[in-house]
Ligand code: ADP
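The chain below stands alone, shown as structure tokens; this is the form predicted on its own.
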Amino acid sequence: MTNEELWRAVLGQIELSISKANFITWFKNTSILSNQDGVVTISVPNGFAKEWLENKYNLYILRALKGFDKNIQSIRCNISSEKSVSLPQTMDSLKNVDAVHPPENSGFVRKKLIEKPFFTATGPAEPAFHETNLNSRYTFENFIVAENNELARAACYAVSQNLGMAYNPLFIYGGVGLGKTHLLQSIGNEVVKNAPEKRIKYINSERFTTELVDSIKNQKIDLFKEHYQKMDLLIIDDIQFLSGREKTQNEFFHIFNSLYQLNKQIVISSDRPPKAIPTLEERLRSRFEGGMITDISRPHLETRIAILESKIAEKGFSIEPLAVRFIAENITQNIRELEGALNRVIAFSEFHRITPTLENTKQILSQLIENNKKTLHTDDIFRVITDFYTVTKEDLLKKGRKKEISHPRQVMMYLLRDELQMPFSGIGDILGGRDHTTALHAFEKINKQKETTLRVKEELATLKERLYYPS
């Protein structure tokens, strides 16, 4: 078996063990350089991939290799590209929720910054921070790192050290209140700290659209474009709200291209991956998918406890450990809601001058926890389906097999069965009087696709989050 054949066989096994997104991110453009004396040397495209393959996926790779050659004892990675960014020497700083910021000698390559200060037509600009829209509270230092966000955090930090060089564009997606905005603004604040002369802009897509409309109305569209095209770092939050806005998408496309061609950094966030954003122009979708895409998932129990403990220490408050655990066990969906519950407990306790115990914490949060146990109805599922896929209820009910309608209809049938346990005959009746076999087929199709198709799995996760925790 040649090295090429061996690596192809190994990749086939690893692909079955990890998510498709991680497989593409870390194993793309890799190969076996040599296999000698029980040591396999793997060629990787950059230092980021080197650290993750050696520290995160070492056991996966070694186990697969041993399956084909029992004499193999270890692996090592060599970088095949000169343009690379390396992670810290170990992944400990990412795995330990207390170590939320790599040390200064972490191994990140710092690009020397030699740029002229930003001047406007009326003279020197104000200090860059006033131009950025950044909130200084959001930093890498106070971001809690865990398995649900370690890749996103590491990618953001790499970008902040090497604008336009590490991952461009960087696309981060995840549900409401999971820390996307914190990470995005941390990039900007890190750059402000290390290179205050850099021109940075953080803006959400709604405000971007408003500025565009105003510039068109006031006949200042050229100034609008010029302003954005001067940025060294452009951060756009909640890009999904550009969906369906053709003029805004067109202008953003040209700004994107201009910045990208000049190696200026673009960072984007969304509540879903590019493929799942409806009515997004294909040329924009293609640009977004050309960089690095990473997600932030819901925090695990241990992470939620660590977040609460960090917030409690920050506020200089005291809460019994059992009470902290109770909050973490019952507020599970997002960090924003978790912090809101903590603030409620603190406010109540300060007003009554008591230290929160398990019992009074249960009492304080009883209404909030009860409200979170939402009872679903058919109308709720219609609402999230029509909103997510930008279709109407009438589209779902009428006859027709166009993919842009049939897929949302099948997902609707799946959710009616999976979440409400409705009989297939009842599902068929609700969706335009269709036969129960149609509903059964739709359920089985989506049920299979959620296991084999990443896009469908992500769609269902987003839809269920919106069902139970509407923003």
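From 1 onward, residues are counted along the sequence shown. None of these values were measured; they are calculated from a predicted model.
Below, we turn to the form predicted in complex with the ligand, even though it does not appear here.
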item: Partner-contacting position among T181, T357, Q333, N168 - heavy atom within 4.5 Å of the ligand in the predicted complex; value: T181
item: Proximity to the ligand in the predicted complex, single hit among F208, F288, F143, Y389 (heavy atom within 4.5 Å); value: F143
item: I72 within 4.5 Å of the ligand in the predicted complex, heavy atoms; value: no
item: K311, heavy atom within 4.5 angstroms of the ligand in the predicted complex; value: yes
item: Exercise: G188 in contact with the ligand in the predicted complex, heavy atom 4.5 Å; value: no
item: In the predicted complex, K193 touching the ligand (heavy atom, 4.5 Å); value: no
item: Proximity to the ligand in the predicted complex (heavy atom, within 4.5 Å), stretch among 132 to 140, 217 to 225, 379 to 387, 248 to 256; value: 132 to 140
item: Full three-residue contact with the ligand in the predicted complex, heavy atom 4.5 Å, for P273, D295 and A461; value: no
item: Residues of stretch 377 to 396 in contact with the ligand in the predicted complex (4.5 Å, non-hydrogen atom); value: none
